[in-house]
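Below you'll find only one chain, the form predicted alone, shown as structure tokens.
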């Protein structure tokens, strides 16, 4: 049996997020910017004779056949003639239903890992097409970018250089928010698409975390905070610790903050304590994870 291909599947934050409209298909058009964090799951993929298996170390992720890791693996195996199968082990470190993109990142990692075992038989452009079919955040994780502007459902992207890494803190509350749930709340409040002006960005707007902190906010914040006032309280407590950037993570429920120095982040951890939330110190990333290589 061959040695497994191992990949880190990193978490993301949305630097800003604007919901533009709901399509007739039910999907939503957005404008956002994704950035990677050091916080990551780990995926190990090994060749077997046939089939797809997944062993998860961590929380229950629901039916295996619906998991993005399994769906991604089957996409690549189908595209390469099902010449072999894969056994996969996923170590979950990214909290679920927190807006950190863990499931999407795992799916993107599976695309790359299984393709590596197939000798990279699927071309990059086709792999990115698979990613878009899997979900809105998956193309960013599959793209190899550490920071990217995104439009549409998140599949249209423009890669930009990421600022230098800084200490970050993720505050995980007890409450979880699913993305479909958050979009349903937005639809309730926005029967007609709101009139939105354009976002005008230049390179300087994303060049430092200080300038990123002056960008627009996250449209989910008012909606999610209205449904869960305790999340507004958490956001305000994190914001009071002096970060250069703070936002709700995607559709929630985690809150992310970035600090100038590790000491400032560590002080924030002490100030926030354990008032119901779990705190995860991490770093922002300036580079994407290295691509996998097949091993004999």
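Residue numbers count along the first chain shown, from 1. Quick caveat, the model's predicted, so the values are computed rather than measured.
There is another form of this protein, the form predicted together with a small molecule, and it is not shown here; the text below is about that form.
**Q** With the small molecule left out here, work out from 172-180, 95-103, 221-229, 204-212 which stretch has heavy atoms within 4.5 Å of it in the model of the complex.
**A** The contacting stretch is 172-180.
**Q** Only one of 80, 120, 87, 136 has a non-hydrogen atom within 4.5 angstroms of the small molecule in the model of the complex; which is it?
**A** By the 4.5 Å criterion, the partner-contacting residue is 136.
**Q** Since exactly one of 244, 54, 30, 61 fits, which has a heavy atom within 4.5 Å of the small molecule in the model of the complex?
**A** By the 4.5 Å criterion, the partner-contacting residue is 30.
**Q** At 4.5 Å between heavy atoms, is residue 74 in contact with the small molecule in the model of the complex?
**A** So residue 74 does not count as contacting the small molecule.
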